[in-house]
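Only one chain is shown below, in C-alpha cells, and it's the form predicted alone.
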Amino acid sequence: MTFPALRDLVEDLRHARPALWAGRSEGARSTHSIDAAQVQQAVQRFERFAPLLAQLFPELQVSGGRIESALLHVPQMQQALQLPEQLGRLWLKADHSLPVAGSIKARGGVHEVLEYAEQIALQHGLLADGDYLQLASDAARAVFASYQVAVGSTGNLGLSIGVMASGLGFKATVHMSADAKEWKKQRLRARGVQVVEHAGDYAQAVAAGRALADQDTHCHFVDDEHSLSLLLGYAAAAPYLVAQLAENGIAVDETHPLFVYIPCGVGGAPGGVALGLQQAFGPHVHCFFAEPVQSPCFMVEMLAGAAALPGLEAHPSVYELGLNNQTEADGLAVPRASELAADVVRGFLGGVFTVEDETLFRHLCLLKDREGLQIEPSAAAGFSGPRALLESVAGQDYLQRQKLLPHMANATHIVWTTGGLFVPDEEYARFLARGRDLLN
C-alpha cells in the first residue's frame, strides 16, 4: 500500500469511518511454526471426547457429540446485499447456531477445557483403559472439582469456558468486562459458574483474572491473547469446512478462489480459522477479518510500525488513535489484539475491514427477513466484507495483485456468523426493531 493510501486509511481509522486494509505481504512471515499435525491433534481430541460430550449435553446426541455447524447457501441475502452473481456466490458458515455455547467460541474454548481435563485425567490415572466416558463418573468429577478454570471475557468465550468447565465438574470463574451483556452473566450463573464483574474493558478483565489465577496452582487461566490451545481449537473447524465444500460441489483452486469474512475481537477465533483454512487451501483462500469502527484492534496491530502511524511501533491500542472501543458488538469490543494471532496470520491474511454499528443491525435484520436466520450484532460484521473488497480501491488493488479479477465469477464468499443461538427473545426483538428502523 502506498504512503498516501496508507495515510488516508489511518485517517479513516481515527475518524471511525469504515475502511479496508488489504494485506498478504510476501515479505511478512510468522515467527510461530504451527503445522497441520498440531491442528489434526485438536481434531482428534474433539473426536475422543465426543461420546462423553454426547452424554453430558443432550443437545449433542444427534451429532454424536460433535460440535459443528451447517454451511448454508444464502442467495436471498446475496440479493439483499446487492452482490451480483457474476462476482461469485454467497454462503454462510452458521457458527451462530453451534450447540452448547451458541457461538464460534465453542470451538476454541471447549478445546482448551478438554485439553486441560485430559491432562488432569491422565495425571490421576482416570483414563487407564482409554474410556473417556469414565470422566463422567463420580470419581472423575471429584478430582475435577479440586481444580478451577478461569477466563476473562466480554461474553461468548466466557460462556463456552464456563459451560464446558462446569459440565465436567470443574470450578469455573469468568471475569467479565463492563460491556458484557447481562443475559450472558445470568446464563453462566445458572450453570453454577462464578461471574466476577469488572468496571473496565476486556483487557482489564483479562488482566484481573490472570492475576488472581496466578495465585492458585490448581487454577488454569484461559488466556485469549496468548493461548495456542484456543487457536488450535478454532483451526480444527477447517477440515469440516473442507468436507462441507466438497459435499456442495464447491472447488477451491487457482481459478475458484475462496473468500472468508470473519468477525474479529482479540483475534484468536478468526486467526485460528484462517490458519486452518490456509493449511487446507494455501494461496487460494483469502480470509478477511471484520471489526467495529471503534474497536479496530487487529487492523491497528497489523499496521503498527508503518510510517503513517508514528509512535505506534509496539503492540498498540485503539485508544492511542483516539477511539473509544465502544460498540454494540460486545464480543468485538477489544482495545488490543492478540500478538500470537497477529503473528500467526501476518504472512497470509487477506485483510481487515471495519463496520459501523448501524450496518450490523441492518444486516442482522436483512438476514432474518431474507433467510430466516437469527444472529447477534457482532455476528453480522462479516456481511460488509464482499462489498468492501469488491468496491473499494484497496480491495480492487488486492484482487489485481492476487490475479483474481478474471476468476471472480467462480468465487465462493463465506460469511462466518459467530453467535446468536442463546440471545433472549426480548433482546433479539430489540436488535430487530433497531435494524428495521435503520432500513426504513
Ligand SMILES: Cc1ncc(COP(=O)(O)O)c(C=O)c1O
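Since the structure is predicted, the reported quantities are computational estimates derived from the model, not experimental observations. Position 1 is the first residue in the sequence shown; the rest follow in order.
As for the form predicted in complex with the ligand, it is not shown, yet the points below apply to it.
K.L.:
Would M164 count as a contact of the ligand in the predicted bound form, using a 4.5 angstroms cut-off between non-hydrogen atoms?
P.N.:
Outside the cut-off, so no.
K.L.:
Is there a non-hydrogen atom of T154 within 4.5 angstroms of a non-hydrogen atom of the ligand in the predicted bound form?
P.N.:
Although the ligand is absent here, T154 would touch it in the predicted bound form, with heavy atoms inside 4.5 Å.
K.L.:
Although the ligand is absent from this view, report whether G268 comes within 4.5 Å of it in the predicted bound form, heavy atoms only.
P.N.:
Within the cut-off, so yes.
K.L.:
So, in the predicted bound form, is G233 in contact with the ligand at a 4.5 angstroms heavy atom limit?
P.N.:
Contact with the ligand, no.
K.L.:
With the partner absent here, would A150, M176 and V222 each sit within 4.5 Å of the ligand in the predicted bound form, counting heavy atoms only?
P.N.:
No residue of the spot touches the ligand in the predicted bound form.
K.L.:
Give me the residue from V352, V273, L332, L360 that has a heavy atom within 4.5 Å of the ligand in the predicted bound form.
P.N.:
Of the candidates V352, V273, L332, L360, L332 is the one lying within 4.5 Å of the ligand in the predicted bound form.
K.L.:
Which is the contacting stretch out of 138-146, 113-121, 256-264, 277-285, given heavy atoms within 4.5 Å of the ligand in the predicted bound form?
P.N.:
Result for this chain: 256-264.
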